[in-house]
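In structure tokens, the next block holds one chain alone, the form predicted on its own.
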């Protein structure tokens, strides 16, 4: 249920990780409109969301296809010595047919001739001039991909809402689609907040930091399929923060970095409330990233990401990425969790789901030393997040634990 942050107090419980993610998916699925369509050339389609099904334009394979180099035979003739009559290569049109007591040399990808019901691998045969000796039996259908066994004409293994990765591009190319309808990329406004922030080209004073969050979040937006819109820094006053937020609301989604904790100058929630925002949650039981805000203002969904860099990266990946994928037209938004065995014992304080920098090596995972949610360097050394469950404080060496690859 939505709430007004102006009346929000500590008596309102924070959501668990699973509750918060379910809230994001529910609200986006219920309210988000599909983006407009556009047509792009196939070479530009990788990573885009398909806007209509892509059915097969013919059977795949379009003929009974040999899966091995060898000899096309009748299974009933084996074992035995068979007379070779001809050869069929991949890409060759052939009128040859197979009769009893005969074999036809055949290459991988070539059409299996009528009369043949198996292909014997060349390694299992002994050729002697115009004869081939095959010492063992073979099952009917061996080493043959039947016509239509992969897809029938009209089948659509690639459907609307699919993200186009390299198998999808291969499918489109195999069906002769040099251009493809996709959903337009959502425009995502990114606003960093704080008086301590300077642009990356500036030399910061000792009390200042460069605006790295803008660039890291923009790269995450691009990687997730959105179009990043880099907005001016919002300073720590309600007046200036309101101006920057209002200017960003022509985009499809708003990501605010910083200004969402309980500090005196954390004004983001107050400004959003003054703009009539609906808040779905403003705290999640995770580390890093607990002070995460999610809501909607003037018809646009927004996330208030914590200002510490690693917190912002983590909360984007586990929450905002899913929202952006739905706005992009995607029908699936899974988190790619996997399991790995711990290289050493691990302990954490219960109560929070923790996403900690880690390295996976040959199916073993080890948490990395890090100095908290501002430690970008530790994340650069990581290739995964170790995911520690809130009710599982102690892990022994060799225990399976969830990880989220970077």
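Positions refer to the first chain, counted from 1. The structure displayed is predicted, hence computed values, not measured ones.
This protein has a second form, the form predicted together with a small molecule, left out of what is shown; the following refers to that one.
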property	result
In the predicted complex, the residue from 117, 266, 77, 105 that sits within 4.5 Å of the small molecule by heavy atoms	266
Residue among 295, 186, 306, 329 with a heavy atom within 4.5 Å of the small molecule in the predicted complex	306
Partner proximity in the predicted complex: residue 142 to the small molecule, non-hydrogen atom cutoff 4.5 Å	no
Distance check, residue 197 to the small molecule in the predicted complex, heavy atom within 4.5 Å	yes
Heavy atom of residue 300 within 4.5 Å of the small molecule in the predicted complex	no
Partner contact for residue 209 in the predicted complex: the small molecule, 4.5 angstroms, heavy atom	yes
Partner-proximal stretch of 82-90, 313-321, 187-195, 152-160 relative to the small molecule in the predicted complex, 4.5 angstroms, heavy atom	187-195
